[in-house]
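Just the one chain here, laid out as structure tokens, in the form predicted on its own.
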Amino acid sequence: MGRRLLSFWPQALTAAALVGVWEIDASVAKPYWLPSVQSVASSWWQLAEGGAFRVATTSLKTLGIGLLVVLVLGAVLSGLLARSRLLDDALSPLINAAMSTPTVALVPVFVLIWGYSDTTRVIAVVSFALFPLVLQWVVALRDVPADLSEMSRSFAASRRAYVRTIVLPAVAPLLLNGARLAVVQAIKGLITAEIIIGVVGMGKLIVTASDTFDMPQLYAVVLTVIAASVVSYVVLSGAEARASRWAEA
């Protein structure tokens, strides 16, 4: 465990250097848009102590529902696309168009359709996260080695044994990579929708701090969102690395 923690020293050094440069710039140049690290930390503590971050439970609930929808739809859609070349050819232009569309521009449209509701935020999460997940999972499902599949059939392996020994080790790293991308994109979609709506969740805290020009609070909330996204990314990256070792074993 100690060695594993020590392996992160370059990242820790980079983070410390960034914080140092931030504090020096805030103290010497004193730009209006850059509060000191101490004032941001103090503001964060005040928000936490005052219960302001309780709104995060609303955001987490919406995120959880949205990700559940993304995973279910993604599994069904990627399974169909991986098995049917005709369906893949038919839907690929639509998926590519969706991937190239600036999704943030669609959120006001969602607001017009579903209003300032939970549905709008869930749809925003799905619109940001679904197609990156589907594209990655289709690649994963098509990445099962043909020679291993043929060997499994020649030994008359059961369906369960085939999935457990051939399919899962082959596809798990890419499946987790898709899930990692989906979680990060889902957080982006959620915060974007909440900022546009401006009356709920972490987005409400960001809008309130921005409207009142409370820069320490704004940084405190934004950094909290970034930290949550980074933690999710690191956890899923670790799971992906373990799956890769399993696949290579």
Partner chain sequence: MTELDAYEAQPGEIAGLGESPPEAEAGLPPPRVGRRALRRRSRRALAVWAIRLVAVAVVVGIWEWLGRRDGGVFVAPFSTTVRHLVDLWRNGSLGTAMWRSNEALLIGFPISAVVGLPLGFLLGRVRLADRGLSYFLDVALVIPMIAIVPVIIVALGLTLTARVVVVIAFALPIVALNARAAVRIVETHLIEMSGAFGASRLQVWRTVIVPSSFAPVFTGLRVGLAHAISGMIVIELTLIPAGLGGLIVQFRSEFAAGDLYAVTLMILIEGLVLVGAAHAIERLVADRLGKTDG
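Numbering follows the first chain given and starts at 1. The shown structure was predicted, so the numbers you read here are calculated from the model rather than taken from an experiment. We call the rigid core the largest set of C-alpha positions that still match within 1.5 Å between the two forms.
Quick note: we don't show the form predicted together with its partner chain, though the next part is all about it.
Not one of Leu71, Ala129 and Ile166 comes within 4.5 Å of its partner chain in the model of the complex, counting any heavy atom.
Contact check for Val21: every heavy atom lies farther than 4.5 Å from its partner chain in the model of the complex. In the model of the complex, Thr119 stays away from its partner chain, with no heavy atom inside 4.5 Å. Although the partner is absent from this view, Arg85 contacts its partner chain in the model of the complex, with a non-hydrogen atom inside 4.5 angstroms. Using a 4.5 angstroms limit between non-hydrogen atoms, Pro108 touches its partner chain in the model of the complex. Per the 4.5 Å heavy atom criterion, its partner chain in the model of the complex is contacted by stretch 188-196, the sole one of 22-30, 37-45, 188-196, 53-61. Interface residues of 72-110, taken as those with a heavy atom within 4.5 Å of its partner chain in the model of the complex (partner not displayed): Arg85, Leu86, Leu87, Asp89, Ala90, Leu91, Pro93, Leu94, Asn96, Ala97, Ser100, Thr101, Pro102, Val104, Ala105, Leu106, Pro108, Val109, in sequence order.
Val230 shows a C-alpha shift below 2 Å between this form and the one not shown [criterion: core-superposed Cα displacement of 2 Å].
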